[in-house]
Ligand SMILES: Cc1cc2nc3c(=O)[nH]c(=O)nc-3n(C[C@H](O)[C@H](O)[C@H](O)COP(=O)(O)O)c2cc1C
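In the form predicted alone, a lone chain appears below as structure tokens.
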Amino acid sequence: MKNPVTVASGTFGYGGEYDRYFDVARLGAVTTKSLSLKPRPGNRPPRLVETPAGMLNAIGLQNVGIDAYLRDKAPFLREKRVPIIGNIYGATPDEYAELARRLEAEDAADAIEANLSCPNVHDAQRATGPVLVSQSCEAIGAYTRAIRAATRLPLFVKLTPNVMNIQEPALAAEEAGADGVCLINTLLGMAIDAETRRPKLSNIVGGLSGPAIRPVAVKMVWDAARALRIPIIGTGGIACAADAIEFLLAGATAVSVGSMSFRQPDAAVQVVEGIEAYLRRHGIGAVTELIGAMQV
């Protein structure tokens, strides 16, 4: 990555959707919308709810599928010469492994981001809500090992914040062979219409993103960075360069801009330019000097 800024999966399509607003090659990398083996229609509407300083989404990993991505989407990103982080989702470790193999074989990604933490798609239920792969250290290990065996590409595991201690799942990913982790995915939340007394999302539960979750995300990056030897991509509520620098100071190596791209389509490139200006203003020679440099 020529700079430490990418975009959060699911908020940037496959890159081409935003290229009319700015040259996506200016980003450090483009992270794709989650890819599955077959196309997915996602959940039925309503799937988005605005919240104070954020939003709830229950899109349900709607995507074109790996075949259409390889045929129609990846060529554009390759023409742009921007690194591609291919975000993948499957129902089993074997499905994740097959997706990783195909992305590498077709030269359609430079790194893999394994989405083990989407709160809107789940195959099991328990009394307290959805079961996420990344809420189980044992499951994280099994999925990560399967993907690691299938590809030589750098492997990042995207983890959920919906756990008691983020260090445990992060270490499970590291021990199973992950090259890095992405922190954090959305927080579980829901909204109810007081007049109709019905949930505002058809899925009832959704993922909370936006500036409201940034303090939680920064704290979890800080917690994980003190335990890990591998890099962290920090994400969650980044709206400007100062927000991104918080994550770097807390220990992230790179950052991803998510739901702010909906409100301000060029938000990610504005973060790139803002970090550059910050480095000049403070006389800092390299952005790597900021990683974990919080002073206490």
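Here the structure is a predicted model, which is why all the values come from computation and not from measurement. Heads up: residue numbers just count along the shown sequence, starting at 1.
Another form exists, predicted together with the named molecule; not displayed. Remarks below refer to it.
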Looking at 78-86, 209-217, 99-107, 140-148, which stretch has residues with any non-hydrogen atom within 4.5 Å of the named molecule in the model of the complex?
209-217
Counting heavy atoms only and using a 4.5 Å cut-off, do S9, I184 and G258 all touch the named molecule in the model of the complex?
yes
Indicate whether G237 is a 4.5 Å heavy atom neighbour of the named molecule in the model of the complex.
yes
Examine M55 and determine whether its closest non-hydrogen atom to the named molecule in the model of the complex is within 4.5 angstroms.
yes
Taking the named molecule as it sits in the model of the complex, is L61 in contact with it (heavy atom to heavy atom, 4.5 Å or less)?
yes
Just checking whether L48 would be counted as a contact of the named molecule in the model of the complex - the rule being heavy atoms within 4.5 angstroms.
yes
Can you list, in sequence order, the residues from 136-167 that come within 4.5 Å of the named molecule in the model of the complex, counting heavy atoms only?
K158
